[in-house]
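Okay, here we've got a single chain as structure tokens, the form predicted alone, with questions on binding and movement later.
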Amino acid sequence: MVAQPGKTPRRAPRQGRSKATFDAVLDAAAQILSHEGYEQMTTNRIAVRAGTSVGSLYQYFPNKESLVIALRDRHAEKMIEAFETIVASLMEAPLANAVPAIAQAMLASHNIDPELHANLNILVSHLGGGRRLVDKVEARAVVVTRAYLEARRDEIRPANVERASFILVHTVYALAQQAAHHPQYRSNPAFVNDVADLVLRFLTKDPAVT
């Protein structure tokens, strides 16, 4: 779905004072959205918390809906960056060590500001801002995971690496989304280990590998 006119941010500044203002506005919007909800996230309140004027805010964001889209993109980039950093460090690691760590990295990415994450996932689809937050993250995670599995093609059971990467990523992220609603599983080491074991058993040729 394409965002409706006026619901996307204007171009972000790249340097100096303008970038500082832009970032402060997004930080303020994230704080209000996470702790008080969308209805309380007015442009006036955001500007006050950011220490700027409403006029300055409107230079970058035509309305608060565009702020939500910008927050989605920024949060997605944080999730993707955290995941890619971990996978990059594992490219030479053996399968039995890397796969659980990759699964854990996927789960951990959902614990980056979980209140903001949950609010954004709900809001973006309602506002017509295009793909959900997790769609952007999952699409990139599939690419990164496939790069690792391609290098280990002879060690894994699935013959189709592209399909295996898709199954792995979407299974783990579906579990992460559900765990976010169940306190007994969120950030639970036993849950993380079980998910990692599930992934490793799916990928390895020897079902006895743990």
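Because the structure is a prediction, the values reported are computed rather than measured. Numbering starts at 1 and follows the sequence shown.
Just so you know, the form predicted in complex with the DNA exists too; it's not on screen, but the next bit is about it.
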Next on the checklist: Which is the contacting stretch out of 60-68, 150-158, 166-174, 137-145, given heavy atoms within 4.5 Å of the DNA in the predicted bound form?
Outcome noted: 60-68
Item to check | Interface membership of Met41, the DNA in the predicted bound form, 4.5 Å heavy atom rule | outcome: yes
Next on the checklist: Can you work out whether Gly37 and the DNA are in contact in the predicted bound form, taking contact to mean some heavy atom pair no more than 4.5 Å apart?
Outcome noted: no
Checklist entry - Does Thr52 reach the DNA in the predicted bound form if we count a contact as any heavy atom within 4.5 Å? => result yes
Checklist entry - So in the predicted bound form, does Gln31 come within 4.5 Å of the DNA, heavy atom to heavy atom? => result no
